[in-house]
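Quick setup: one chain, the form predicted alone, written in structure tokens, and binding and motion questions come after.
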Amino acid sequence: MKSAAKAQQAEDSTTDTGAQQIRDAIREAIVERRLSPGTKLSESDVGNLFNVSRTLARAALQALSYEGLVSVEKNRGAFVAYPSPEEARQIFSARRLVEPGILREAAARITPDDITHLRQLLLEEGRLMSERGQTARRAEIKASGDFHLTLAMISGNSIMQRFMEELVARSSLVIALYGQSTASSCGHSEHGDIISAIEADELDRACQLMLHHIAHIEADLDLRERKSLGLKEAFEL
């Protein structure tokens, strides 16, 4: 009996690890906007792509649905989530509440090596901004999000780090849907200003800069409600 229980525990652990790897890979594709809102994610396609069973694929998609990144619809399957304007507002409201606190916790623990790492992220982000093409753009978006995730990691709060991973991914969905400009979704110079304020131990100023930064991202979104037209009205001149 004990051997059977241990075998079951080992199998469950392998399943959890496999599902998490798939979930992380899909989340990264969403952050980089390689997967657009509304993209179909069938269990068979996900299973074939990652060479795993449909059961494992289903577990990964279910985990992503708990994070709000995937929508599972009865009799239709799973899709990359398509956040509404109101959901978009709530996501950025959550960021305004959470990120200044993360910043303060990070500032209390930050080391010179951490500052160097953040500066290196900025250099990479700046380099990518000077390049052209879709691949460079995707990498730039990821580098920009990594700045916020690195601050969460430095804070030492693993719960908040996972929460920020969800918020950054959901923000990427919102920007893909409602973003108006082709400029970086996170202002490169604003990241630098935040680091400089942390270095100078000006935490109130750093928090204000973070709030301004998040507001700047949200201001680039077109979240106006639109009345749905009928087929005839949509094609009237």
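None of these values were measured; they are calculated from a predicted model. Note that residue numbering follows the sequence shown and begins at 1.
The protein also exists as the form predicted in complex with the DNA; that form is not presented, and the subsequent description refers to it.
Colleague: Report the residue, out of R34, H212, R205, K40, that has at least one non-hydrogen atom within 4.5 angstroms of the DNA in the predicted complex.
Modeller: The residue in contact is K40.
Colleague: Please pick, from S196, S65, S189, T55, the one residue with any non-hydrogen atom lying within 4.5 angstroms of the DNA in the predicted complex.
Modeller: Among S196, S65, S189, T55, a heavy atom within 4.5 Å of the DNA in the predicted complex occurs only for T55.
Colleague: So which stretch, 196-204, 169-177, 46-54, 23-31, is the one near the DNA in the predicted complex (non-hydrogen atoms, 4.5 Å)?
Modeller: Heavy atoms within 4.5 Å of the DNA in the predicted complex occur in 46-54.
Colleague: With a cut-off of 4.5 Å between heavy atoms, is N75 one of the residues that contacts the DNA in the predicted complex?
Modeller: It does: once the DNA is placed as it appears in the predicted complex, N75 has a heavy atom within 4.5 Å of it.
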